[in-house]
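Shown next as structure tokens: one chain only, the form predicted alone.
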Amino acid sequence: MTELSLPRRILIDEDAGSALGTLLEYYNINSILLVTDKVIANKDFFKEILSLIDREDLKIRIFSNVNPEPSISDVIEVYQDYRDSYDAIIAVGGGSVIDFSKSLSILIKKGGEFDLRGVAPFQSLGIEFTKPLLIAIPTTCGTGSDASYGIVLTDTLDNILVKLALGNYELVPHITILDAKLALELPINLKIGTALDALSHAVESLVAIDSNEFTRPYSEHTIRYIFKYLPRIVDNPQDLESLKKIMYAATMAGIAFTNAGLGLAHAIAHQLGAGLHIHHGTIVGMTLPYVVKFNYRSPTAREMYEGIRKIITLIDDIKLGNNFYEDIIDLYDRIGFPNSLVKLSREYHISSDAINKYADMALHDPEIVYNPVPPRYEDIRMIIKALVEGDINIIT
């Protein structure tokens, strides 16, 4: 059986504050927990959102200290201070803020004794139709967390910092509000990094083993938008129309991977990102072309890759190369994005022992089960070595 899970409402091209104010009245919401981070809390648009939703009978609590890589212990600590009954939790921020809000909502609904490590896709949490409602207002253009069932939290296992990829269909936000103006002030490196996160979501969900007729259009449309509009944003970071397209793409990719799965690029990136302290969108985007080449071993994946290349060239008149992984690297060259860890920084020239460690950890990442080609430990080690050195020819 194939089942699709999407937000109840996706509001597009809306002024975030005005739209939120209308929704709070429509759903008769009288108490909210507003979750964000320190940077967003000091932005003028955040203060404007607060002013637009302010009314005498609305109880507002604000937590504005979400860490960039939130941990399970962070969520538990905040729950102790903010456990209360709310009509809605409103997440204003990037993927970390939205994932943190999903995690906090679980504890608020189920109690602090619940172990977040046990969150899994096919086990009922029993919280889908209970308050607080989750409303997501993304301020970046890539994570897709506003439309996805996933949460990524850091944890310490055997004194090693790891990223846990968790998820459940009951965690898809009830409402998503897309206002591209909120992402205008993002530094260009974060605009690129978050957009490549969306590209990775789309490319992996396109060929994932649960990919289907309903998810593939979301994946394909996202890939096309990233190839077309990301170079425009790099040329003009204040190009609002192109930024809108990238933000739409991020949400579409979130829908796609929630219902189709991801794959090996994310399994590897979770480990390298946590261990080397690299922004998730940056490391997963960097890993992507190497995994695409590896997946060319699958005739079905190859057909999907070649199909999306035809869509890109026919619709957008973009000249592509010999295969899809080279097309991705060409896109990176156009936007000035490094395609290897060594190009990112010489300090990431990691040892063979470290490569072995990361390969073993990636082999046990849950995202790996969706990859179209089941990888062996030796395959993952080969991909990480190629990624470190920037030599895609290592992959055979």
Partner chain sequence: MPRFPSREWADELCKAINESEGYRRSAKGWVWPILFKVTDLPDELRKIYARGSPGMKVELDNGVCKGVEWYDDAEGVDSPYIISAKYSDWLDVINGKVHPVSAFVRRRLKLEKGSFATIMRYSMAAVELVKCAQKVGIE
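Residue numbers count along the first chain shown, from 1. What you are looking at is a predicted structure, and each value in this text was computed from that prediction instead of being measured.
Unshown form predicted in complex with its partner chain; subsequent notes refer to it.
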*asked:* Is Thr130 part of the interface with its partner chain in the predicted bound form - any heavy atom within 4.5 Å?
replied: no
_Close approach of Ser242 to its partner chain in the predicted bound form, 4.5 Å, heavy atom_ = no
*Taking the shortest heavy atom distance, is Val369 within 4.5 Å of its partner chain in the predicted bound form?*
yes
*With a 4.5 Å heavy atom cut-off, would you call Tyr248 a contact of its partner chain in the predicted bound form?*
no
_Region of this chain that lies against its partner chain in the predicted bound form, out of 75-83, 276-284, 113-121, 174-182 [heavy atom, 4.5 Å]_ = 113-121
*Of these, Leu107, Ile312, Val234, Ala165, which has a heavy atom no more than 4.5 Å from its partner chain in the predicted bound form?*
Ala165
*Which pick from Ser103, Asn259, Ser219, Ser96 sits with a heavy atom within 4.5 Å of its partner chain in the predicted bound form?*
Asn259
*Along 208-246, which positions have a non-hydrogen atom within 4.5 Å of its partner chain in the predicted bound form?*
Ile209, Asp210
